[in-house]
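Taking the form predicted on its own, here's one chain by itself in C-alpha cells.
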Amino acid sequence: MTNPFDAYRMDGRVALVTGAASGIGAATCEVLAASGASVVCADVNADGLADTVAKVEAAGVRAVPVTCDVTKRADVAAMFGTAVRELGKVDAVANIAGAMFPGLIEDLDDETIDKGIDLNLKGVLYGTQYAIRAMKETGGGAIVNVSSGAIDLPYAGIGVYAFTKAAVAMLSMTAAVEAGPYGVRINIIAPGQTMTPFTTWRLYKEDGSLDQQAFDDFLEYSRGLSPLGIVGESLDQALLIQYLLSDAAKYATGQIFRVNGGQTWSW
C-alpha cells in the first residue's frame, strides 16, 4: 500500500460548493483547496465570497466565484455551466446552502413554507440534478448533500427546516441508487450542533447586535448536549465532507453520516 493519506488528496479535481460565503460552506472550500482541488465557490452573497476565494487561492489552487441563487433552476444550470467552462469538468459537489425558517407548524404561512422548500429542498434537488448530469459526462464523481441532526428527533419551532432536511436525506438516498451505475456517489451529512452564523441566528437583538449573554447561555447549553462536553465547529463538518468527496470514501454511497458529538437531540 502507498501512503494511505493519498486517498484523501484531490489534486487535479474540480469541486463545487454552494453556501460558500460562510460557515460550513466556507470551511469546506478551504479544506477541499488544501487537499488540492480547484473550487467553484457559489453563494447568493457575492460580497461574502471574497474572503473564501482568497483563502482557496492561498492554497495554490484555482478559485472561481459564482453568484448563484440555488432556488432558481436557471442560476444552478448557469453555475454548472461556468464550472465546466472555466475548469473543464465537475468531480465533486457539496450542496450546503440552506436556512432555518422558524415557526410553529400551525402558524406557518405559505410564504414561509414556499421559501423553506425552495431553498432547503429544491436548491439541493437542482444541485444534485445538474451534478449527476455533469458527472455522467466524465465517468463519475461524488456529491454530498447537507441534511441536519434535526431529522432525528422532533423539536418545536423548526418544522419547515426539519421536514425539508428530512426530504433531503431521502432525495439523496434515492439519487444514489439511480446514479450509482454512472459512477456517481451521493451521501448525506446530518450535522449536530455546530457554531456558525447559521446556528446563532436566534442570538441577536432587534438592533442586529449580538446578545452576549444569550450567546454564552446557548454555547453552554450546546456543550451540554454532547457527552464530550464540546460543541462542533464548521471544520468538523468540512472534514467529513472532504472525506466523502475523496477516494477514501469510494465504497460509501447512499448513507447518512453524523458528526454530532454524540448528541441525543433532546433539545
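Keep in mind that what you see is a predicted model, and the values were worked out from it rather than measured. In case it trips you up, residue 1 is the first one in the sequence shown, and so on.
Heads up, the form predicted together with a small molecule isn't pictured, but that's what we're talking about next.
Student: Just to confirm, residue 244 within 4.5 Å of the small molecule in the predicted bound form by heavy atoms?
Tutor: Residue-level check for residue 244: no, no contact with the small molecule.
Student: According to a 4.5 angstroms non-hydrogen atom cut-off, is residue 70 in contact with the small molecule in the predicted bound form?
Tutor: Flag for residue 70 set to yes.
Student: Using a 4.5 Å heavy atom cut-off, state whether residue 165 contacts the small molecule in the predicted bound form.
Tutor: Judged by the heavy-atom cut-off of 4.5 Å, residue 165 is in contact with the small molecule in the predicted bound form.
Student: Given that the small molecule is not shown alongside this chain, does residue 160 nevertheless sit within 4.5 Å of it in the predicted bound form, heavy atom to heavy atom?
Tutor: Heavy-atom contact with the small molecule at 4.5 Å: absent for residue 160.
Student: In the predicted bound form, which of 209 to 217, 31 to 39, 44 to 52, 57 to 65 comes within 4.5 Å of the small molecule (heavy atoms)?
Tutor: After filtering at 4.5 Å, what remains is 44 to 52.
Student: Would you mind picking the one in 179, 135, 146, 125 that has a heavy atom within 4.5 Å of the small molecule in the predicted bound form?
Tutor: Contact with the small molecule in the predicted bound form is made by 146 alone.
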